[in-house]
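First, one chain by itself in structure tokens, the form predicted on its own.
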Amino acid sequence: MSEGPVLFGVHVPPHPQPLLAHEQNEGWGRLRAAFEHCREQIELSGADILLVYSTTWPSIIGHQIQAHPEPEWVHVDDDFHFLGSMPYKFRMDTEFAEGYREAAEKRGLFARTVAYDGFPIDTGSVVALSLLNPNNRIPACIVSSNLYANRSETIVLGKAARDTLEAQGKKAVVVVVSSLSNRMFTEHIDPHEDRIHSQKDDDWNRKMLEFFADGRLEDISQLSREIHGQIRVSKVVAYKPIWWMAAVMGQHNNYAGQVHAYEALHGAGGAVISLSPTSHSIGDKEFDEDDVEFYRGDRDVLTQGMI
């Protein structure tokens, strides 16, 4: 296990099929089995908290952190409402949520906690926590994905999470809820006919999975703009969660990666992946993207006075 505050990280898809309809498609069933395998790892890890970054919880102004001690509701997914309802009741670490907000503000970010009855938990968080922590054995914290945050802001948000773990002496399993490619079919399809939307999406997904399997988290973070430009995925569901994950876990390639499952989810690429810190590294490239400790607003990249 890691000597740092993060025991290991898990990357899971946000779509509800593995939770609500895993028996309708063999691939969905394999994703469900992969979720359950990671659940067993989490239960044995001794983690104090599950730290969740979900791309299906978008925020506009700043960053929101779930701080209600026991959020409870019945959720229905916007796209796949016909699959049924998802009742939930979760256990949140309110101390961590408040500490995370304070740490984010100290690093120059605008952040706030959310703690009122009936606040809708997003699909990705509901799916992840329902399958990875079904009995609420471990308290969780969920942070939103700001639609307009750039790389610097997202890196700083991740570092603030690590600050909070270290300050409170807590061990975490980091959970990123995100698709790989995210082009989905626009019409209903038979579950048995599900497939990745295009060959190009599948090719790039598999290239990313090679990097994950080699534990090359920082390489993915550095190269993610190019990768996701090729598969035309919005940054909120693609490279942004990788930036955050690398900042929380450690910006290097010293990981043992394992791809537990990779399947189509109504055309999107869904994968369950785990990354465990290790003492060795794959690759020793010179990274081009900058590293940021404090967020000071968007940089003016246009020279003043130019016509």
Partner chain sequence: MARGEIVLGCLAPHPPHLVYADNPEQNEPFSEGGWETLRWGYQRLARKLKDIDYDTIVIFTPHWQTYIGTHFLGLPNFKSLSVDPIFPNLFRYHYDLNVDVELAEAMRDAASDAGIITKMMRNPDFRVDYGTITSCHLLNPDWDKQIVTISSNRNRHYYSVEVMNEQATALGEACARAVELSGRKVVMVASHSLSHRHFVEEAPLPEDMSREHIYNHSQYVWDMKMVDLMRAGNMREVIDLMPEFTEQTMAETEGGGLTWMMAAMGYPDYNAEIYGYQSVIGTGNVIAAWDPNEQSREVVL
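Nothing here was measured: the structure is a model prediction, and the numbers come from that model. Residue numbers count along the first chain shown, from 1.
FYI, the form predicted in complex with its partner chain isn't displayed, but the following is about it.
For the options Glu105, Asp203, Asp79, Glu166, the residue carrying a heavy atom within 4.5 angstroms of its partner chain in the model of the complex is Asp79. This chain lacks the partner; the member of His68, Arg32, Arg39, His266 within 4.5 angstroms of its partner chain in the model of the complex by a non-hydrogen atom is His266.
Note on the interface: of 269-277, 58-66, 24-32, 255-263, the segment with non-hydrogen atoms within 4.5 angstroms of its partner chain in the model of the complex is 58-66. Contact annotation: Asn136 falls outside 4.5 Å of its partner chain in the model of the complex, judged by heavy atom distances.
Of the heavy atoms in Val114, some are within 4.5 Å of its partner chain in the model of the complex. Although the partner is absent from this view, Ala213 stays clear of its partner chain in the model of the complex, with no non-hydrogen atom inside 4.5 angstroms. Interface membership of Glu187, defined by any non-hydrogen atom within 4.5 Å of its partner chain in the model of the complex, is confirmed.
Remark: all three candidate residues (Gly84, Tyr148 and Asn182) come within 4.5 Å of its partner chain in the model of the complex, counting heavy atoms only.
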